[in-house]
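We begin with a single chain expressed as structure tokens, specifically the form predicted alone.
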């Protein structure tokens, strides 16, 4: 039975969502497609040659939900997912939700120490992981005083998620829930480098899918989605899973690291109509297109988020491919994009205008609205906002105020109503669409015996995209040089995710500091 409705306010023409008193979101995204006759339609295609119909998806969601329940995980139990983009990601995510459990997709690029923190912080009952990540996962589990009760590889001959799904019942009634109940979490990096668990409700995926997916992108049942951004990102979760499921469309999953060549090959093979990337990848694809060609004729629309899209990349992409890129801004806490350009309303270099269903305020440090044209802190309010940060009341109180979310971004709105990104309110960096903390990179570099002090800031590369730059004071300045740079990079590779590696190493005699000894990073950025 359909348990949500979309209604139009006759006075304003704006859509509004309403939910049944009993609302498990898995019914809206999974079960209803059987009732609407899509059972035989292929919903998932993968680069491994796997095809899944809507009927097979629904059956495996039920089997996975039952398999998790049979492990003894109680209602509301957390299930950490360190899972690549594959059909089992769908089965585990929606199976957990339908069974009344809380799935928590986690960045598969992280290292053992990050997983140790997240597993411990979430107090999860189970960890499900793709075999490719076994080394980091097992190292993380080894550092925990209290391990989760269950640790399951997705694939394997004995005790894997696949084997449990194969033998579980295909019948599962949705666990009773409401639109306001907790549904899933996503971890977002904090300003100190410790991830924060954003707690999302059953309603949130519906809001993002309807107001951005349908009203901004115009996604329809006939569309085929391909997202280079992975499912564990809030951005990729919408692009590659919730948006196509919301309208009965199809999705293409690619489980390896996206490169210009692999994305072009995927587009040529599967013919997606919607392609989602990030500015760093678009820049790399443009470079590749200088020496090779690719058939992008199936694509009707390209989308970008994760970091601000430089207007030069937009212009070069449209000139080279004939396709527009819709840039927008979203966040883990708000689940997806809440300010965006539109097909018929593109302002290159800006984030666009408000997505329906969301409101914005630009305020000063006192929380007072600034005049239009002046920059300030961007606050957003909308129906997909996370309820809180798990186990972090202080950060919740600082960030989520009276229904508004302090995004941590500095923005201005021009006279025409377009929003323009001006930087971060803090020292966080967004590299390749992924937040990272300079403090984490500094902590790794300071481990090197030749490093005395270090400060990491963001610096724009030739394409206008932000990458980490390390300013280093050495124990002995005579050690500065290419040999040490290579050694420092190798040192970083031992403990940091690839997007966190510094792209430049600058040796300095001292770092700018306040009278109390705090490093003034803004001076290094200037």
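Predicted model only: the values in this text are computed from it and were never measured. Positions refer to the first chain, counted from 1.
The protein also exists as the form predicted in complex with a small molecule; that form is not presented, and the subsequent description refers to it.
Problem set entry | Output flag, 84, 240 and 275 jointly within 4.5 Å of the small molecule in the predicted complex, heavy atom basis | No.
For this session: Given that the partner is absent here, state which listed stretch (361 to 369, 427 to 435, 446 to 454, 94 to 102) has heavy atoms within 4.5 Å of the small molecule in the predicted complex.
Result: Contact-bearing stretch, as computed: 427 to 435.
Exercise. Ok, 399, 285, 351, 130: which has a heavy atom sitting within 4.5 Å of the small molecule in the predicted complex?
Worked result: By the 4.5 Å heavy-atom cutoff, the listed residue in contact is 351.
For this session: Select from the listed residues 329, 140, 313, 380 the one whose heavy atoms reach within 4.5 Å of the small molecule in the predicted complex.
Result: Contact check passes for 329.
For this session: Flag residue 205 as yes or no: does it have a non-hydrogen atom within 4.5 angstroms of any non-hydrogen atom of the small molecule in the predicted complex?
Result: Contact check for residue 205: no, nothing within 4.5 Å of the small molecule in the predicted complex.
Exercise. Taking the shortest heavy atom distance, is residue 225 within 4.5 Å of the small molecule in the predicted complex?
Worked result: Residue-level check for residue 225: no, no contact with the small molecule.
Exercise. Is residue 253 close to the small molecule in the predicted complex, meaning a heavy atom pair under 4.5 Å apart or at it?
Worked result: Looking in the predicted complex, residue contacts with the small molecule do not include residue 253, since no heavy atom lies within 4.5 Å.
For this session: Mark residue 308 yes when one of its heavy atoms lies within 4.5 Å of a heavy atom of the small molecule in the predicted complex, and no otherwise.
Result: The answer is yes: residue 308 has a heavy atom within 4.5 Å of the small molecule.
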